[in-house]
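First, one chain by itself: the form predicted alone, in structure tokens.
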């Protein structure tokens, strides 16, 4: 656990209490071969207008996920402070080293930021970023929106998500914020591996927390970007921060379909290595036992492909993207629409 008396090595050049839009950096010292007294520079924006709630908006928790950074760089450049009441803290590329490398984890230390919370001020660079966010930014926030997508290895239906929590009042606030985000799909779930997640740390501090999965495949699409841009404004409007005609209105967006992931059978994991042939795509309905993909052994010709069967009925919420799979790779994720 982080020693709360230990100072963070990260510094910030912005005044969080000053009205207006401010743009600067979190500066993390990092001595290395090409820069003895160098630093990792993590862009940050603070937009404030008087009293009101504070929202912490983050993207690039994983460095190969792009809808969030696009939406947040755009918001930081275009939002008029006069249109808000309160404060918005924007970290468009929270894991800046991974984002610049286009990788899920940090090229500096191999750290997965979303498995490194609450972090350590005396740990690896990734742990130091997590520690600064935990001790210096989360205490300022009333609500948190952390953008994710499938990165280079998964592609998702565009969805916003929250968790089933012991604190039912907090759970209800998170669910309302997901509704306000207005993605085509929404998911309320229990994480199978929540240790070290940003979500877990923020929720333990009582913060309204929303995350997303807005596509993936190592890129972003006009549709997924539009969902992200509209969603962040809906989130801010519901929080009481975004006011007036800045609040989004998009009748063409349609209603949100809620999904459930009841158990571990929602995940289909490869037990073999080979070339994957998908037989279903995102949004398709499947029944338990359906063959949803085939894995072709590629060591030599003449071998029959191995069928991959759905372990439960539902719709395809996510799918594997690269053409090759290894044992342990997630082939597909199935979810159940909630009536």
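Everything numeric in this text was worked out from a predicted model, so none of it was measured. Residue numbers count along the first chain shown, from 1.
Keep in mind that the form predicted together with a further copy of the same chain is missing from the display, and what follows is about it.
Contact with a further copy of the same chain in the predicted complex, judged by any heavy atom within 4.5 Å, is made by just one of 56, 293, 44, 310: 44. Shown without its partner, this chain lists 188, 105, 201, 243 as candidates; in the predicted complex, only 105 has a non-hydrogen atom within 4.5 angstroms of a further copy of the same chain. Under a 4.5 angstroms non-hydrogen atom cutoff, a further copy of the same chain in the predicted complex lacks residue 256 among its neighbouring residues. Contact check for residue 100: a non-hydrogen atom falls within 4.5 Å of a further copy of the same chain in the predicted complex.
Under a 4.5 angstroms non-hydrogen atom cutoff, a further copy of the same chain in the predicted complex has residue 333 among its neighbouring residues. Although the partner is absent here, residue 153 lies within 4.5 Å of a further copy of the same chain in the predicted complex, judged by heavy atoms. Contact with a further copy of the same chain in the predicted complex holds for none of 83, 158 and 230, as no heavy atom of theirs lies within 4.5 Å. Partner contacts here mean any heavy atom within 4.5 Å of a further copy of the same chain in the predicted complex, and among 170-178, 133-141, 210-218, 234-242 they occur only in 210-218.
Taking a 4.5 Å heavy atom cutoff to a further copy of the same chain in the predicted complex, the contacting residues in 64-102 are 66, 69, 70, 73, 74, 76, 77, 92, 99, 100, 102.
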